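First, one chain by itself: the form predicted alone, in structure tokens.
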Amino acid sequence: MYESFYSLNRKPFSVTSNPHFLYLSPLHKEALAHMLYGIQERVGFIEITGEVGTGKTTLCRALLNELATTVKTAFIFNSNLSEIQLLQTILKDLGIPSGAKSKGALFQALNQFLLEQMRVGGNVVVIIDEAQNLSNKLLEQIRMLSNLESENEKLLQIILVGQPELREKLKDPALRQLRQRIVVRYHIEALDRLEVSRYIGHRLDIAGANGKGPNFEENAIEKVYRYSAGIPRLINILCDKALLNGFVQESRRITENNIQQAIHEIEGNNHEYN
């Protein structure tokens, strides 16, 4: 409702995972490079972790845009699936027609598809989001998927994306075979103070500000950083509310007071954040 007031063509701080708004901090660039390397080198397993709201899902969507057309992908968002449902979802995302109902038949259909892709020089990637919620039984089945390989290379690249709890889960001795197969690992840290400022500017520019939109004062950005601890999702929530406050006050300058008011709305009016 405030876009026209700030001369914006869209909301700059939506919390949806839109790769168009992706801000590639040095850490996010490294994470993306690790994923691309793992896929190109056909390492089999890749692990990407980060705190809630650090942009993992958005980064995965950006990865899909970076991959060549010869790379077929499946993106699994629901980690609460049965073993059969997981295989069926992978096949469906990859466009593999199969009416198979048993695990054996589903594995066979997937293996045939992977061999066909290898023959034409293709590659296949399965991304599993919120992987920290996977049961040990399902993780063991995912490990079995990595057995689908040729004499020289892995036919299927699997990216496990999750919160730090995923790293702890994989320390379970029962999952040591899976843990030993993970060749590429990367943990996405939160943004530092400078990157928070650049992040806010980047989102505003993508939304059409071009230096003419809202102006976040330095003290306001400092308060955003201290409240959010550099977590992009929290930055988005806070800045969106601050822009609404500025709109109500008919001010194009976002001050420390606007940020404090936004924090009050998020945390409750009795909350004081210094």
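Everything numeric here is computed off the predicted structure, so don't read it as measured data. For every residue, the number given is its place in the sequence shown, counted from 1.
As for the form predicted in complex with a small molecule, it is not shown, yet the points below apply to it.
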The small molecule in the predicted bound form: contacting segment from 240 to 248, 217 to 225, 51 to 59, 34 to 42, heavy atom within 4.5 Å
51 to 59
Is every one of S14, H28 and Y199 in contact with the small molecule in the predicted bound form, taking contact as a heavy atom within 4.5 Å?
yes
If we define contact as a non-hydrogen atom of the residue within 4.5 angstroms of the partner, is I254 a contact of the small molecule in the predicted bound form?
no
Residue-level contact is defined here as any heavy atom of the residue lying within 4.5 Å of the small molecule in the predicted bound form; does K169 satisfy this criterion?
no
Against the small molecule in the predicted bound form, would R203 count as a contact residue? Criterion: heavy atoms within 4.5 Å.
yes
Tell me, yes or no, whether L22 is in contact with the small molecule in the predicted bound form, where a contact means a heavy atom of each within 4.5 Å.
yes
